[in-house]
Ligand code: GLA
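In structure tokens, one chain follows: the form predicted alone.
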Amino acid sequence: MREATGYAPGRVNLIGEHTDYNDGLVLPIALELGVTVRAGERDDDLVRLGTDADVGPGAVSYRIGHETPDRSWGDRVRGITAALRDRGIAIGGFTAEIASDLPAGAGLGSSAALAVAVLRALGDLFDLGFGDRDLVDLANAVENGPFVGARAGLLDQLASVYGRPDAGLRIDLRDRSTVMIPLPSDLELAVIDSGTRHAHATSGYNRRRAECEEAGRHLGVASLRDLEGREIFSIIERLVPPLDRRVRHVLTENERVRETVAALQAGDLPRVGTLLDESHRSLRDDYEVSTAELDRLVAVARSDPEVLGARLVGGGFGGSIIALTRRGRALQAAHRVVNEYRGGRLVAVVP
């Protein structure tokens, strides 16, 4: 029987949160943590999955063509095989062992990494000939489809497929264009998991996207990106709360991505830190996706003398933060932050 292996990394988004589904700008960095899928072909239509990740259940099985959601992590794989069938792509049964050193639900793109890794393994196992764009589109379709139901943008899938751990990937979601932004040699990020969890499909994530779409309808634009170049106050005064705040976040966050790119290119880490702080305040006050735990963790990080800036990362409603320091200082700063916060853990130091 044939075997194949697929791997995909998670990501930390330096800045540009909740902008991707508004045709906006994002700046992720791939992590050196990810998901590995080792798949083997079967001679029937059965799918058997096992994982060492800290999720339940540890094993999942179903038959191709009989995918039924059960609200477990296995729904993402069910969604993949159902999506392939819907597209007329025939595959047989398989076994897959899924190994991950990427924490689930921590705002680090674990769902996209799982989907991309599974698709890479199945693509090789069944000679499906997937290109990078196919991986992005299929993984995103599954995330948005009936088996998962999170109305997510393309940030996580694009970062998992195209990202690198030694550079920022500036993505313009209007046309999917990408530019690698080298990181200054003295930049370091601590990625700290708060220990609190979210589920995009059942949290306020989908509601935030719906609010952006409602604001666009009120303003007569297909996307909030179409509002760029207009004076923000004149835009938001036409909207009722909380739509005014949602639009303000998206427009100012796009500008913060541009300013962060410029600051990175100039090697101005204090300016990058200020922009991270501003992003967190906007996510907390205008987009309202932070939590008391995330706010406290960010405050603890900002009180450390080595931290230049900090913010929640990912969709919010739990998960992780990033703290910016100069090279060689993130590890000790993160240990001090975790000790004072009295919970959570250091996930990674980037790069």
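The shown structure was predicted, so the numbers you read here are calculated from the model rather than taken from an experiment. Residue positions are given as counts along the sequence shown, with the first one as 1.
One more form of this protein exists, namely the form predicted together with alpha-D-galactopyranose; it is left out here, but the text below deals with it.
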Margin query: Test of understanding: in the model of the complex, would Gly153 fall inside 4.5 Å of alpha-D-galactopyranose by heavy atoms?
Written below: yes
Considering non-hydrogen atoms and a 4.5 Å limit, does alpha-D-galactopyranose approach Pro9 in the model of the complex? no
Contact with alpha-D-galactopyranose in the model of the complex for Gly314, defined as at least one heavy atom pair within 4.5 Å: yes or no? yes
Quick one: is Gly24 in contact with alpha-D-galactopyranose in the model of the complex, heavy atoms, 4.5 Å cut-off?
-> no
Within 4.5 Å of alpha-D-galactopyranose in the model of the complex by heavy atoms, the stretch out of 145 to 153, 68 to 76, 262 to 270, 120 to 128 is 145 to 153
Taking alpha-D-galactopyranose in the model of the complex and a 4.5 Å non-hydrogen atom cutoff, the residues of 229 to 259 making contact are none
